[in-house]
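What follows is a single chain, given as structure tokens, in the form predicted on its own.
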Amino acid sequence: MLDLKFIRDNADTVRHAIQVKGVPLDLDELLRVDRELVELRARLETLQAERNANAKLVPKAGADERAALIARGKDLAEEIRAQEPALRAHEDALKQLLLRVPNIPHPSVPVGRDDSENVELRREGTLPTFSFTPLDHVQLLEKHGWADLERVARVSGSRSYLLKGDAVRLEQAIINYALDTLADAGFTLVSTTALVRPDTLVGTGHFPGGEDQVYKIEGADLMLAGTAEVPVNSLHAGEVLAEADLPVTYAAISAAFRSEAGSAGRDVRGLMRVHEFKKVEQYVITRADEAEGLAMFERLLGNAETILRGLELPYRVLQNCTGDMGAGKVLMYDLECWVPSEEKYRETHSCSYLGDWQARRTGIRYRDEAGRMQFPHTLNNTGIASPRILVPFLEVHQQADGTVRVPAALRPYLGGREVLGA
């Protein structure tokens, strides 16, 4: 959510953000509702002031005049009551429109329609070469009996997964390695629920607009979050934080659920796009300073790259264009790991800087050194998401005999084993 005064004073800038992000919002309608609301409030304030002044005259008035004043008071009260529904309707309409106003992208963000126009910034690591015919991740899982995708589909439907044996140990090892890496970087570990109230999804900016991606719990005012960012973003909702306690840095692990609406026919085979998964999310609340926010953005990105380097996965860094960065983002980078069977990079991490857009929605504030109340800035980035990360991991580290090599950084989490599947 943007500050309303900023929107009034910078309508052209906001209108441009709406256009380049492809947000379905009529800014002129928002400004019209805002003007009408200002006029309604002014009208009600005038009526209330007149009513108060009228009431003060009653005790001093004579009998005849008192009756007229009382009648006038009743008329004013009725007129005020008659105006209140319109006031509430305009307030609700303005709130809903404000929730759809996108954040202003950083000047460095390329203008584009969708992910096809994201810009590659750099590549890291060496792509694997094989002296044998490599298997894809599903073939590797099947070869070792590490998954049972057919049976679990009968239990849970398509886009579900079941790991077995060493694949379970591998998944847990990668998650624990990511948690330890982030803890060593000074982040507070949090294990949180995926059950959230709808207002938490409004707080992150997933609502309005992303309702079709979320599973709802029938008979309860609860939903299943697609990332730990959702519950953690609301942990401090309505609070006034101490500036000395900033930045707040969390590494939050939770189950994650996404309906994947609109993705029919995409990545239906294997582990790339499943409805339920496990995710470690970096989440930060920092001071309302863009320079600090951008420095923290690089820190979060660096943490994710440290994890990928430890897993010895070749990857590339992309800057997301305006049409692929989401309404609330000021800046967004994706990390994509190499998938040999597809001979292309696939997204495994997203790093986002949102300015004060989320804090305004959740009411998180802090008092700065001058005593002024400020909305802090928030950021988030994937620590690790599984089982998606297993796709590049298994394929990149497969060996000629069908075993899977374990990188040195991961061996302590697997009892010192150097290979799996031997």
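Note that the structure is a prediction, hence the values are computed from the model and not measured. All residue numbers are counted from 1 along the displayed sequence.
One more form of this protein should be noted, the form predicted together with a small molecule, which is absent from this view; the next part is about it.
Taken together, the three residues N10, E29 and E91 lack any non-hydrogen atom within 4.5 angstroms of the small molecule in the predicted bound form. Out of the listed residues R169, R100, R258, H236, R258 is the one that sits within 4.5 Å of the small molecule in the predicted bound form by at least one heavy atom. Think of it this way: in the predicted bound form, the small molecule has a heavy atom of just one of L246, V138, M272, A173 within 4.5 Å, and the residue is M272. Heavy atoms within 4.5 Å of the small molecule in the predicted bound form are found in one stretch of 225 to 233, 302 to 310, 75 to 83, 91 to 99, which is 225 to 233.
The small molecule is not drawn, but in the predicted bound form it has a heavy atom within 4.5 Å of A385. Contact check for E281: a non-hydrogen atom falls within 4.5 Å of the small molecule in the predicted bound form. In the predicted bound form, the small molecule sits beyond 4.5 Å of every heavy atom of Y345. Interface residue remark: Q319 is not counted as part of the site for the small molecule in the predicted bound form, having no heavy atom within 4.5 Å.
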